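In structure tokens, one chain follows: the form predicted on its own.
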Amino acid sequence: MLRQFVRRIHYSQRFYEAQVELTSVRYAGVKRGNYAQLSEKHVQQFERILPKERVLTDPSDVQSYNVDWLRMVRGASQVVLRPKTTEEVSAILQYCNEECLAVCPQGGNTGLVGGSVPVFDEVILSTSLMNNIIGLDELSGVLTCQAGCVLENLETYLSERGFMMPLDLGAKGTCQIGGNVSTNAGGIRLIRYGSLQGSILGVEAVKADGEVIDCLNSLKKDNTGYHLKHLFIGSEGTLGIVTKIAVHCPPSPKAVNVAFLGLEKFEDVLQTFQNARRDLGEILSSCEMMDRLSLDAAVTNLKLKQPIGDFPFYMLIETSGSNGIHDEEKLTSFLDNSLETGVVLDGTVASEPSKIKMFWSLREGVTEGLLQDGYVFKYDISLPHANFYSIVPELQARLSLNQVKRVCGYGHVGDGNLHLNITVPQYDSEVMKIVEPFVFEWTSKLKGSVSAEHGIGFKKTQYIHFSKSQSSLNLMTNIKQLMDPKGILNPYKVLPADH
């Protein structure tokens, strides 16, 4: 559901561009760096590196690349470059570095923090044509591919061979694996398969000066010095552009079951999560939570069918294993016990693919449903489980219904990642002042993270200090200066302006 929506947003961005204020206007405090202005000379050189049809300069072609899919930010780039190989990326960056042209790497452009579109007039380097699957070692389960491969295409390729991607996202029909790696994306099954960072065995990346760094290791154990691949995982294209990836993929489960539950209070959500970890053990693969307003966004705005009655909270619990009958019995027994004790008020279990897909469409449809309200202030934070939801009623008290349509929370209760959302008819600077920096200060006091899985991008640079110490920021700055001394790679992102 969400991936279909992401496609629609991409196709229709040109119609929304006029409604999206330029980032340089909305965030007037951000100043353009001392970079060169694009000239005809630059375009001619790009056309020597790439075939002319892969150098986009027509405003009608470029404009959709300038706007993020949430329509929060808009850049003013005049050119989009579409390389197909690492060598072409290297030549582009070498030239941009020599000319001091700022570059914005862009994959599927499904980011939620403004990291994948220009802030000013940066050259956009799109990896969309770098979409070759190099191969799968079926003995080790290691997949090697280019950075522009769409996540869903990788999932299809692997499933035909009895494997699966360790990462699953609602936007998998559009997002690219290079962007996933560059943001260290989380997803809905982190509780079972761990973070993407742990599954990536190697990367190939290109530095700002065009030098290719080959860390494309496919071994599960390699203890030879610094783990350089980690410099590029989660750095959001500020240290280098990822061009190839080697990722360890687990075998596909033979049986998948999903339970959809209704609960009265958040304390019951935590108790159910604790019981699920204990009773479902090794087959537990996902544990998601939605409050009433979150689910309502999908049900009401998207006209989706709600499988159970109306409750303050909902949970979606998935199991993945090798014995379908055993796993279904185990999940059904878990649900029966939860209903008997009163922790869960209602619930249903699905094992057939169509019903499982319907359950997940509700969870994945929340993001789309919220966008139907208007403008969305989105926050992606990690919190201790005991405080996972408490910021939602706090913000509901701070904001009046005259200011907002809804304040709601949903997310990955299994790993403590809350997606906090405030919807308004249109962007409202007064609401912004009430919400920020309050959300980040509140998160910091609880020793949480201001970005659980979406990255820092452009939107959170001034708040990264709530989760990173000054010494850590200084070291990050030193690494940036070493690897990109002219600062041409994805400027205005990740690091705060004073760094």
Ligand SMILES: Cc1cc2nc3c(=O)[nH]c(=O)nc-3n(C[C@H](O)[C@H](O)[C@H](O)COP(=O)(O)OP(=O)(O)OC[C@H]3O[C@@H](n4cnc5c(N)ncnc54)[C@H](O)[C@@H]3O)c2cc1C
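Heads up: residue numbers just count along the shown sequence, starting at 1. No experiment lies behind these values; they were computed from the predicted model shown.
What follows is about the form predicted together with the ligand, which we do not show.
Peer 1: Open or blocked: after superimposing the binding-site C-alphas and transferring the ligand from its position in the model of the complex, do three or more ligand atoms sit within 2.4 angstroms of any backbone or C-beta atom?
Peer 2: Open, going by where the ligand lands after superposition on the site C-alphas.
Peer 1: The ligand is absent from this chain, but in the model of the complex, do Trp69, Asn180 and Glu453 each have a non-hydrogen atom within 4.5 Å of it?
Peer 2: Checking in the model of the complex: Trp69, Asn180 and Glu453 are all within 4.5 Å of the ligand.
Peer 1: Using a 4.5 Å heavy atom cut-off, which stretch among 162 to 170, 221 to 229, 270 to 278, 254 to 262 contacts the ligand in the model of the complex?
Peer 2: Result of the contact check: 162 to 170.
Peer 1: Evaluate Arg406 for contact with the ligand in the model of the complex, applying a 4.5 angstroms cut-off between non-hydrogen atoms, and reply yes or no.
Peer 2: No - in the model of the complex, heavy atoms of Arg406 and the ligand never come within 4.5 Å of each other.
Peer 1: Please run the contact check for Val123 against the ligand in the model of the complex: heavy atoms, 4.5 angstroms, yes or no?
Peer 2: Residue-level check for Val123: no, no contact with the ligand.
Peer 1: Since only the chain is shown here, I'm wondering whether Arg192 would be in contact with the ligand in the model of the complex (any heavy atom pair within 4.5 Å).
Peer 2: No, Arg192 is distant from the partner.
Peer 1: Consider Val344 of the chain shown here, and say whether it contacts the ligand in the model of the complex, taking contact as heavy atoms within 4.5 Å.
Peer 2: Taking the distances in the model of the complex, the answer for Val344 is no, it never comes within 4.5 Å of the ligand.
Peer 1: Counting any non-hydrogen atom inside 4.5 Å, which residue from Gly416, Gly202, Gly141, Gly186 sits next to the ligand in the model of the complex?
Peer 2: That would be Gly186.
Peer 1: Can you work out which of Ala102, Val119, Ala147, Val80 has a heavy atom no more than 4.5 Å from the ligand in the model of the complex?
Peer 2: Looking at Ala102, Val119, Ala147, Val80 one by one, just Ala147 meets the 4.5 Å heavy-atom criterion.
Peer 1: Since the partner is left out here, which residues of 459 to 478 would have a heavy atom within 4.5 Å of the ligand in the model of the complex?
Peer 2: Going through 459 to 478 in order - heavy atoms within 4.5 Å of the ligand in the model of the complex - there are no hits.
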